[in-house]
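One chain comes next, on its own, written as structure tokens: the form predicted on its own.
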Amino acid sequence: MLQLEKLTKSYYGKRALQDISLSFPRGEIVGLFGENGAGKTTLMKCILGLLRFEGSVTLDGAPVSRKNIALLSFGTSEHSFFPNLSAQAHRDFYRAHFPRFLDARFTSLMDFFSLPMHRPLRTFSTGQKNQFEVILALSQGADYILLDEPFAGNDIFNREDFYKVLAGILEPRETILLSTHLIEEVAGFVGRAVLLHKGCVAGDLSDWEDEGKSLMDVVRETYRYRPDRVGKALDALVGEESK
């Protein structure tokens, strides 16, 4: 189990995360949602040990360290691969460093996205780079796969097909933590939704369908979305322009 206890992170005296306590058992697909600046990327980077923080993050009761960091993988649209190496070279590198590397999954996903094996990654389009980043994260052999806005630059058909493929290939030990703004698209894919707001947990939900609501309805309620704000803004702008 991945366990977070009172995780708190500050930047230059300003709190980005405040007392985050969450647990993620194996076998879950979790959506991590929140407005820009809510703390989604910061939370993932704290879990991975890329940022210093207060509180604790443990894997099966042990702190995240070099001994167990291979149980975590990370896919981000910021890209963490070697741009001058080919996909084939990345596969060789991962095979050498991750004993649980899933070679068959890597090959299948490369075929699914029709990505070339022998071209340098710097020649890929933005969408292809993001696809490859996700492939590496899913093929590492990790138990906890953290994906931060992984589908940027991909068209809706690629995204929809990929959700179906991903749901079909995951093993019972694997947990996905997916940060995205595409809430309506992933509502049928995720089984649990963690909502962040201004660095705090605003909701931890898994039964929105039992309440007869869509995930988007619950998100709107949680964030107290005001549908009239567009009209008010337009009225104010029109009023200013007419003066």
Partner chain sequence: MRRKLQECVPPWISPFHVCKSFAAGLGAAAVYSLLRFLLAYFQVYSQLWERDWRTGNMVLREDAQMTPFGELLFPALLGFAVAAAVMLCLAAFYYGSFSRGSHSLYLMRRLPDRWELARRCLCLPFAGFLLAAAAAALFSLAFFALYRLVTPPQCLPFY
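Just so it is clear, the structure is predicted and the values come from calculations on it, not from any experiment. Residue numbers count along the first chain shown, from 1.
Unshown form predicted in complex with the partner chain; subsequent notes refer to it.
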Legend entry - Heavy atom distance at most 4.5 Å to the partner chain in the model of the complex, all of 130, 151 and 182: no
Legend entry - Touches the partner chain in the model of the complex: residue 106 (any heavy atom, 4.5 Å): no
Legend entry - Close approach of residue 73 to the partner chain in the model of the complex, 4.5 Å, heavy atom: yes
Legend entry - the partner chain contact in the model of the complex: residue 62, any heavy atom under 4.5 Å: no
Legend entry - Touches the partner chain in the model of the complex: residue 114 (any heavy atom, 4.5 Å): no
Legend entry - the partner chain in the model of the complex: contacting segment from 213-221, 182-190, 30-38, 62-70, heavy atom within 4.5 Å: 62-70
Inset, instruction - Output the sequence-ordered list of residues from 31-49 with at least one heavy atom within 4.5 Å of the partner chain in the model of the complex. - result: 45, 48, 49
